[in-house]
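In the block that follows, a single chain appears as structure tokens, in the form predicted alone.
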Amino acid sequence: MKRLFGILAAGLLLTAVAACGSSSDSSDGAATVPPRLKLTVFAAASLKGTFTEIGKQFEATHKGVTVTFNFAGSADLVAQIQQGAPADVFASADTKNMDKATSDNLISGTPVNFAKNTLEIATPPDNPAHITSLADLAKPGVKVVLCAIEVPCGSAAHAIEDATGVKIKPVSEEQAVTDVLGKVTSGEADAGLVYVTDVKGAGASVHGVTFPESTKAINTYPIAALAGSKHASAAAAFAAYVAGAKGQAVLAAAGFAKP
């Protein structure tokens, strides 16, 4: 009888241990479920609106993936990548800065061109300096803001100056096109050279002045997965999505031209 009781007691003990083990396994299992894959995209400042929308669409069709962005001037982004900043995808506002990343073996595969953009003059809504042409930006007393020459929008502006002979003396040079736009919308500048897409995205907060000389410098935007990405497949998928039909639809709606 005592032996039977001992066997039953041992059985109950094993059952209790098993039950605890099952509960622990369940808890551990929930705790060890892989977190959402975080894809980090470094993208030119002029892509903020479109890429934010594309990121949401990509997340909706790629369950388990969260897309985070670092928007800045392309030159600054390349410098960050060169210094080891963790990123999965790079989208530049020009081929020059993408070439820098490629020559440093930071790119995986071949970059794909996905859009084109041209410059437009942005002024405050009331256009206080009465800007109607590129030549007006060179008039004495007109406060003009440009991108710095190492930034794609600045490089394009200088190319237009060289091609036309119009020499602009900016009151400041910014590191991103969004900073130029900010100076205009705040009233700190009479005008700034930004992209067509920036003027469209700013809506009523700016007045846009197109000028035929803008065709002298058209920026091509390339995108590529980065060699240091820990999520190579997801990075390649995002780049392909941007270049694909759905990504192109978002870009076209914002005023970007086809590559």
Partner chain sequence: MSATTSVGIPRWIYVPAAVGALFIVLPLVALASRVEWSHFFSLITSDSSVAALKLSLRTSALSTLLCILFGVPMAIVLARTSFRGQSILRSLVLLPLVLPPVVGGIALLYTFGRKGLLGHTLDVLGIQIAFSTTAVVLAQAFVAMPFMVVSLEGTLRAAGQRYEVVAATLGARPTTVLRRVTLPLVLPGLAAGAILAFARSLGEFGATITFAGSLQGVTRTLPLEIYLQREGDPNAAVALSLVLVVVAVLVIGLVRRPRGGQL
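Positions refer to the first chain, counted from 1. For clarity, every value in this text was computed on a predicted model and none was experimentally measured.
Beyond the structure shown, there is the form predicted in complex with its partner chain, which is absent from this document and is the topic of what follows.
J.: Of the options 98, 121, 81, 145, which one has a non-hydrogen atom that comes within 4.5 Å of its partner chain in the predicted complex?
T.: The residue in contact is 145.
J.: Any idea which of 166-174, 84-92, 153-161, 108-116 reaches within 4.5 Å of its partner chain in the predicted complex, heavy atoms considered?
T.: Checking each option against the 4.5 Å cut-off leaves 166-174.
J.: Taking its partner chain as it sits in the predicted complex, is residue 76 near enough to touch it, meaning that at least one heavy atom pair lies within 4.5 angstroms?
T.: Because a heavy atom of residue 76 falls inside 4.5 Å of its partner chain in the predicted complex, the answer is yes.
J.: With the partner left out here, check for me: in the predicted complex, does some heavy atom of residue 186 sit within 4.5 Å of its partner chain?
T.: Yes, contact at 4.5 Å.
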